[in-house]
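This document opens with one chain alone, in structure tokens, the form predicted alone.
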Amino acid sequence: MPTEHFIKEYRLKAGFVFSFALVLLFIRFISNALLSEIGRPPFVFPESEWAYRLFLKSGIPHFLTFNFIIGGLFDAMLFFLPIIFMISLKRVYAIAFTLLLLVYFFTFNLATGHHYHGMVAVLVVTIPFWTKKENRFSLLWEGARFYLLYIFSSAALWKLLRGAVFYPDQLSNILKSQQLDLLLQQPNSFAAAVAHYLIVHPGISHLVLIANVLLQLSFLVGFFTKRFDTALLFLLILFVLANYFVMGIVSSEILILGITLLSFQQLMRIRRRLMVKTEMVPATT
């Protein structure tokens, strides 16, 4: 049987994770990116991945997107399942949410013809809630944390081993191709000004690239100790902000993995202190 302390921590983590997931889904809703909002896509997918090919042949993408009512019900379930799970803590709802989110992930990527991997973070961090056994949950939760560390450290090592970080014009050239539409369509925007400055100052853009690699490389320390997890969470937020303002890339969905860097034991202590202070306040008539 799970201990009372574990259940309280489990509920707190569930609240953080699934509330964040609801926020991300709401952002997709207002961005017209849910299945009921994308119309009837042609599903022209040029890649040859067997998983996507099999999923497309199953007919599920067409079934969910070619009928507005069915697509709407599917989207409603994406919002309903996290809420009912946070209330009941019944793992069947967590499992159902992850699986439905996986279906959405495949369908959306097929519809857009792009390997958009932002929702992978949400998929990974919801899997630990498939179990309520303390040892299994802790192992899966640590696995989600290690996945976050792997994403950043492997990205840094990739840039180092390929030599990209040692090429002075690397970031400047990337911005020339990636931000061309921005520079032409919104030349007076703040993002365009940042991109223009870094393009015409390759020395500065190279320093930005080196700083980015050092930031990503710092996540290696997390494999050996949790002492610096708070600092890593700050660096994660900094990376997401810089990635948006410099590269124009929205990577906010990866922030949900940052929840695994939080010290929930400390959060629970703070929560208990607040509850004690609340109980000590005399009732007013």
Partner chain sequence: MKFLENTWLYRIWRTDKILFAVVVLYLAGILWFVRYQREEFPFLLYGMYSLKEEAQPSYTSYMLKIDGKEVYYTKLWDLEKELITAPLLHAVSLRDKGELTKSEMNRVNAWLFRYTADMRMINNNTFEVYQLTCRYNEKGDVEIIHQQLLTEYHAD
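In this text the structure is predicted, and so the values were computed from the model without any measurement. Residue numbers count along the first chain shown, from 1.
Beyond the structure shown, there is the form predicted in complex with its partner chain, which is absent from this document and is the topic of what follows.
Trainee: Run the contact test on 105, 184 and 196 with a 4.5 Å heavy atom cut-off to its partner chain in the predicted bound form and return yes or no.
Mentor: Result yes, every residue of the spot touches its partner chain.
Trainee: Does any heavy atom of residue 33 come within 4.5 Å of a heavy atom of its partner chain in the predicted bound form?
Mentor: Judged by the heavy-atom cut-off of 4.5 Å, residue 33 is in contact with its partner chain in the predicted bound form.
Trainee: Does residue 59 reach its partner chain in the predicted bound form if we count a contact as any heavy atom within 4.5 Å?
Mentor: Close contact is absent here: in the predicted bound form, residue 59 is far from its partner chain, nothing within 4.5 Å, heavy atoms only.
Trainee: Could you tell me if residue 188 has a non-hydrogen atom within 4.5 Å of its partner chain in the predicted bound form?
Mentor: Outside the cut-off, so no.
Trainee: At 4.5 Å between heavy atoms, is residue 151 in contact with its partner chain in the predicted bound form?
Mentor: The answer is yes: residue 151 has a heavy atom within 4.5 Å of its partner chain.
Trainee: Let me know the one among 140, 100, 215, 84 whose heavy atoms come within 4.5 Å of its partner chain in the predicted bound form, would you?
Mentor: Of the listed residues, the single hit is 140.
Trainee: Of the options 250, 231, 238, 70, which one has a non-hydrogen atom that comes within 4.5 Å of its partner chain in the predicted bound form?
Mentor: Going through each option in turn, the one that passes is 250.
Trainee: Scan 95 to 126 and write down, in order along the chain, each residue with a heavy atom lying within 4.5 Å of its partner chain in the predicted bound form.
Mentor: If the 4.5 Å heavy-atom criterion is applied to its partner chain in the predicted bound form, 95 to 126 yields 102, 105, 106, 108, 111, 112, 113, 114, 116, 117, 120.
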